[in-house]
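Below you will find one chain, with nothing else, as structure tokens; this is the form predicted alone, and questions on how it binds or moves follow later.
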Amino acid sequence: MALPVGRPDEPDLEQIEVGLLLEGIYRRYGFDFREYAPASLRRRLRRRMDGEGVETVSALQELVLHDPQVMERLLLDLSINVTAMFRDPSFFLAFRQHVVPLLRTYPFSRLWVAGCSTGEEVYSLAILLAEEGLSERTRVYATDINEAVIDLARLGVFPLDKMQEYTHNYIRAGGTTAFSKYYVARYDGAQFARSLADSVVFAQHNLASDAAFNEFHVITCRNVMIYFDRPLQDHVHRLFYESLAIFGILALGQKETIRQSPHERAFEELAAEERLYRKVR
């Protein structure tokens, strides 16, 4: 008997395979990528397929489910790790102008850097807070789904050949001293001062599946949600709303917005061009 031929409106075979792989990852390891943007997800899966030398998503699934080391390599591909120190310098200028004065009104404040990757933004904020005299009155929580990049963030070592670019960003971001005072060059790396991380807590957290874990005065999640589909974006917006104190600040990436999110009306624009919003209800 001939097998039935799929209708034109049925999902293609690779789409079915991807769905099975993501479901398997969720059940086996607890990582939930089921609502990530499909186009970006497929590109990253193909990169890992090439790396593992397999030609189908089903073959990759077999490796992932039976070998945790393959899963670790895939997790690195699926995580968003494009970052730089003082990336988008105008954002940090706006942070100094609009957010720092609000932080000064609190005896103690908590900041959450969600999706911290390898830590460049965390150390950038730590430098900014130190220059504004807020280090001892602030606790920064830096989280990411990927434990491997969190370990790198804890080290505070970044490529030495990036320091010229980062120095330029720092100056444009309103830096008030010589950027080189914050790090020591060692071999091909720049080791940033350990004191910058004294008030930082690094931890694993999955935005797709983990709950709120504290109340924050500032949450930054820049250039992360662009990789999520709409239902997952809505979920994360609800998580941030629940995690922010009243009058708390939400910072998003330049291609992200609070508009049409579940709690849009609960926020007012603080610096619209830099995607800084304040929770007012």
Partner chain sequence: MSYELIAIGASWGGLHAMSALLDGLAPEVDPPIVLAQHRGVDSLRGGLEALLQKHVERPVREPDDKEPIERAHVYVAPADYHLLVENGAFSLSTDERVQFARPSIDVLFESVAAAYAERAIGIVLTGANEDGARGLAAIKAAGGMTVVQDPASAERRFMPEAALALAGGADAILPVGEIPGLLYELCVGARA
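Positions refer to the first chain, counted from 1. The shown structure was predicted, so the numbers you read here are calculated from the model rather than taken from an experiment.
We do not show the form predicted together with its partner chain, though everything after this point is about it.
Within 4.5 Å of some heavy atom of its partner chain in the model of the complex lies at least one heavy atom of Met225.
Its partner chain in the model of the complex is approached by Arg44, whose closest heavy atom lies within 4.5 angstroms of it. In the model of the complex, at least one heavy atom of Ser40 sits within 4.5 Å of a heavy atom of its partner chain. Contact check for Gln233: a non-hydrogen atom falls within 4.5 Å of its partner chain in the model of the complex. The partner is absent here, but in the model of the complex a heavy atom of Ser90, alone among Thr176, Gln191, Ser90, Gln204, sits within 4.5 Å of its partner chain. This chain is displayed without its partner chain, yet in the model of the complex the stretch 166 to 174 from 128 to 136, 206 to 214, 105 to 113, 166 to 174 comes within 4.5 Å of it by heavy atoms. Residues Glu273, Glu274, Arg275 are the ones in 264 to 281 with at least one heavy atom within 4.5 Å of its partner chain in the model of the complex, listed in sequence order.
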